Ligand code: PXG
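In structure tokens, the next block holds one chain alone, the form predicted alone.
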């Protein structure tokens, strides 16, 4: 495995950053998870745009522009000879001192790119569906840490993930401060009711996921009613179908929530159709390398 750090490639055992890097000390940085399929990087332009928007929001100066970042990603994939991969692109504030002040990070940002394989959930769950739970940890307030910023500080999500695993579940629903469904620990959530799609709006403590937006786009082209709408747990419980979306997860059905069986307890017809259409999209929409 060859890992990109600041313009150079290192073997995994030699890929190192300073222990004084603010990304390590404070979670001070941003990241993107990206996928490639058959030597096409899916929605790479959109991922880079979101990364740069996150960096802009936290006043993190990125030393490469969009085209240079795209080139760095494709070079990393070529260096690792990967046709299908998960890419983690990380930008940290860089090396500083033990204080909080980002002005002390004199050397500037560090850029790290890792390309590898990923299997977020076992293949069996894509066929049979997930059983998930709602956890006590609520999603960060947008006024505290806006969910549109994909920062390196993922402790909010990790705490929710711990609560899910303690309950024997692979994934958790996180509510916002008002008690509405926000998202899961690493995925957006959709429900299907009477043939229509519903997903929480991005203003409800929800990351505007790129896979989420792809599903909304597919639905609209197929004239499937799609709504960004506040959702309660009750609406999840009585839904006909439920599924999660994310770059690593892709689309995965949910068949049980908090002990309630969703629909007939099997992946729904619309979910399966969207999974098929999404897979087709990933093999034709992307940057070649």
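Predicted model only: the values in this text are computed from it and were never measured. Residue numbers count along the first chain shown, from 1.
Just so you know, the form predicted in complex with this ligand exists too; it's not on screen, but the next bit is about it.
The stretch that touches this ligand in the model of the complex, counting heavy atoms within 4.5 Å, is 45-53, out of 60-68, 253-261, 231-239, 45-53. Contact here is defined as any heavy atom lying within 4.5 Å of this ligand in the model of the complex, and by that definition not a single one of 4, 24 and 87 is a contact residue. This ligand is not shown here, and in the model of the complex it never comes within 4.5 Å of any heavy atom of residue 94.
Using a 4.5 angstroms threshold between heavy atoms, residue 29 stays clear of this ligand in the model of the complex. Among heavy atoms of residue 224, none comes within 4.5 Å of this ligand in the model of the complex. Residue contact with this ligand in the model of the complex: residue 153 places no heavy atom within 4.5 Å of it.
Put simply, of 105, 111, 215, 184 only one has a heavy atom within 4.5 Å of this ligand in the model of the complex, and it is 184.
Scanning 120, 72, 145, 82 against this ligand in the model of the complex with a 4.5 Å heavy atom cut-off leaves one residue, 120. Looking at 220-245, the one residue that comes within 4.5 Å of this ligand in the model of the complex, counting any heavy atom, is 245.
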